[in-house]
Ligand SMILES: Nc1ncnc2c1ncn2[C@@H]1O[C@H](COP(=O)(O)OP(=O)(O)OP(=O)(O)O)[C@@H](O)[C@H]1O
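Next comes just one chain, in structure tokens: the form predicted on its own.
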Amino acid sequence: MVKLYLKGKTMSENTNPYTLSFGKQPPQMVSRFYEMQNIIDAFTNDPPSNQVYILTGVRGSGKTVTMTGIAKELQKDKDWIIVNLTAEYDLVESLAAELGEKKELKQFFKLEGLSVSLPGITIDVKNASPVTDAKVAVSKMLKLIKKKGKTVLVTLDEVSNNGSIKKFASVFQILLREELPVYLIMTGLYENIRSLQDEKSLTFLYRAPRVELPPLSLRAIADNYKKTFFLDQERANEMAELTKGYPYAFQLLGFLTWRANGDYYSILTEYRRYLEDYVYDKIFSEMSEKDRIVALGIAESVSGNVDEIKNILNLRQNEWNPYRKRLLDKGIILVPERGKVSFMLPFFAEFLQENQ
């Protein structure tokens, strides 16, 4: 294949516009405009139709990038304040600390007779005793934020069912009941989100819309590759098909192809190895033994017809349905048409057969 040159350099000598880093917003990406706009509209409606959304999907499906994109869009409005939290710390205290340190709020709080002291959380309120309870501190700050006509969006990435998350969710539930201007987007793997939503004390999370991110548009991926690598439509479509719309595969194939000066044929073995080493081994390790057996039965199916798969696995319909649903919810398979299933992940069938 002829090497491509950009400004006198081969492609591999220029900055690679694709990334292998999970969660990082890359220079080249295919936007999930529909999913993002639905959440933005729900948050900005008057009154808002929802104040909490949960993004879920398989590893590498673009949960973090989608959440970041929504936050960046809302941040363009000066009345939205974005707070990004990590579950490694006490989340209620972290929220209070982040709000207290926001440049656009600090002076306003001071004028209202409220000041925040760190480390730990102590709020001094004019003509009142100091507040050291983080939940009370957050509530007082949000009431002032509401008075100022501003709104807070909290983002939480890769949540799991642990004490810190449960404590934060309990407090957040109270903040919603107090009709305070606070919104939440969380991301997480299906099994972690399901475990959290099953907590009986966190009923608002059970009712929160769960957005399962679908594959990216193959047409949009082909258009991106066509423009970036100066391909004809047939080759661009061929590259797009190699990703199956899986966001990490889109980035990975683009990254390796850029490094190979546009020769995507030469990196297909490396492409498969990266998928297996960085994603599929982890996904496989998190699957139950029975889920692995069912997935292998899907991989061994020639047609992808459900009847054929049930025969391979010797399963009745009522036995097949729970496994189908679980693999669907986890983002491992999809239903391209009635009566059929296929893998959302490129070369995952081959990976399963080689590792059975």
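Position 1 is the first residue in the sequence shown; the rest follow in order. Note that the structure is a prediction, hence the values are computed from the model and not measured.
Unshown form predicted together with this ligand; subsequent notes refer to it.
Asks: If you check 284, 258, 248, 271 against this ligand in the model of the complex, which one has a heavy atom within 4.5 Å?
Replies: When this ligand is considered in the model of the complex, the option within 4.5 Å is 248.
Asks: Taking 4.5 angstroms as the heavy atom distance cut-off, pick the stretch from 248-256, 80-88, 178-186, 226-234 that is near this ligand in the model of the complex.
Replies: Result of the contact check: 248-256.
Asks: Is there any non-hydrogen atom of residue 216 lying within 4.5 Å of this ligand in the model of the complex?
Replies: Result yes; residue 216 sits at the interface with this ligand in the model of the complex.
Asks: Indicate whether residue 64 is a 4.5 Å heavy atom neighbour of this ligand in the model of the complex.
Replies: Residue 64 belongs to the contact set for this ligand.
Asks: Just to confirm, residue 26 within 4.5 Å of this ligand in the model of the complex by heavy atoms?
Replies: Heavy-atom contact with this ligand at 4.5 Å: present for residue 26.
Asks: May I ask you to state whether residue 30 is within 4.5 Å of this ligand in the model of the complex, using heavy atom distances?
Replies: Yes.
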